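The chain below stands alone and is given as structure tokens, in the form predicted alone.
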């Protein structure tokens, strides 16, 4: 690092002093905390983003959001060149950078890391970082801190993309690095055009018995509502009513949004008895999660929840059907289903009934530890990889190899059997690959894909919900002195340490019909999380409680 770069950093760092007694850790969600203490951290993540751009010689993204957290919180995370999350290898550096005690410590860290990663500084180097923020009041001042961080690295440029959903920024990073246009209008047009293509390809017999066009969306009083208002102007054949847009005076994520609906299983604020039986969807605060629901009766606020597991199942049914059509009457000596791998990826928190349903379809189901970064990485192993968490975060990944094959197949079919069912299947899959956000889970693109598939299948939300019946489940927490005392393997489903704990969990689980239970240490607090399933709610509750008592006995603290 030359003297000019050192001087710029010393001057910049002094403007964003690190608050005393605060230690933050970079996880799947990036850094999150009360917005009042985040300026220093966001500034430093600006530096990290510029370094990442120099290292990869690619455009990097920096998003300011705290997703489904309360409005007084905020956060910051980095989008890698693929549009995915920051590589795990850089997370320790992110932690060290955020927690460096002073300017000299920070500069020493940067110098050592740049040397290790072979990153060059200087005016002959260039880096680009796209910045986005959600609608939180603290976003503007934190954006200023991010810009200062990026600009403190010589040759780096911060480009403010404005107020965005998190998935929009990830899409823009991925698209820019592919040499594509990346304006917000480009994003909206890609989604609306792909949706229109899928609607145009709905079989005629299904069109005659189409479901209700009306959809009511809970916007969580966040940025997703604002963007959906713009997107819906470009859509045909879909009537969207947006509640909790933020304009009615509601508070971001306060008794609204996908996280609230999924956990509480009741209607969000702003939904009255007049929505009984109507298809409803809920976005989270930054619009990267999506769940569906319908109100069961006018006299209750209880809902029938259609969560991420059932969104995954719906997408899988549709894609499997298109692959089956493509395989029909093939002239070439190739079995399509065997030559292209379709895989589904879940975590242990996926409801066991969903896993059974997918396996009964003959699908390959893989499991990863909890966290989108693990799911996304595993899904990329397949030609078509589908992943979703129960909370509604997920997407579909198509390999470049498969898309090239599909483009060629479509061209071949267009020349010999234009308009055939096989060609329509190819066109549908190509449209899905453009509609779904392959960078990250995206509630807006996911919502449009759900709507297109429901119409294609002539399926109501009630029929969709009934494709399988969720097993009753229960989650508990056990307070412990040190969560690192529990070590797990097999995608967090088997306890390795403390010795003997897994055996007693197995013994308790064996007492219940369709019993399943696992424990895992929290990533953020000193608690052990307990999950249990069984054939009845009473049994699931009992199993969770008994496992929690064993964890407490092994580790010495009370459960909560």
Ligand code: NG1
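Between two forms, the rigid core is defined as the largest C-alpha subset superposing within 1.5 Å. Numbering follows the first chain given and starts at 1. Every value quoted in this text rests on a predicted model; they were computed, and no experiment measured them.
As for the form predicted together with the named molecule, it is not shown, yet the points below apply to it.
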Worksheet item: Taking heavy atoms only, is residue 135 within 4.5 angstroms of the named molecule in the predicted bound form?
Response: no
Discussion item. Check residue 475 for me: does it contact the named molecule in the predicted bound form (non-hydrogen atoms, 4.5 angstroms)?
Written reply: yes
Worksheet item: Using 4.5 Å between non-hydrogen atoms, is residue 529 touching the named molecule in the predicted bound form?
Response: yes
Discussion item. Taking any heavy atom pair closer than or equal to 4.5 Å as contact, tell me whether residue 370 reaches the named molecule in the predicted bound form.
Written reply: yes
Worksheet item: Just one of 349, 260, 271, 121 has a heavy atom within 4.5 Å of the named molecule in the predicted bound form. Which one?
Response: 349
Practice prompt. Sort through 70, 535, 28, 56 and report the residue having a heavy atom within 4.5 Å of the named molecule in the predicted bound form.
Written response: 28
Discussion item. At 4.5 Å by heavy atoms, is each residue in 391, 522 and 525 next to the named molecule in the predicted bound form?
Written reply: yes
Item to complete: Work out which of the listed stretches, 222-230, 399-407, 383-391, 360-368, brings a heavy atom within 4.5 angstroms of the named molecule in the predicted bound form.
Response: 383-391
Discussion item. After core superposition, I'd like to know whether residue 530 moves between this form and the one not shown (criterion: C-alpha shift of 2 angstroms or more).
Written reply: yes
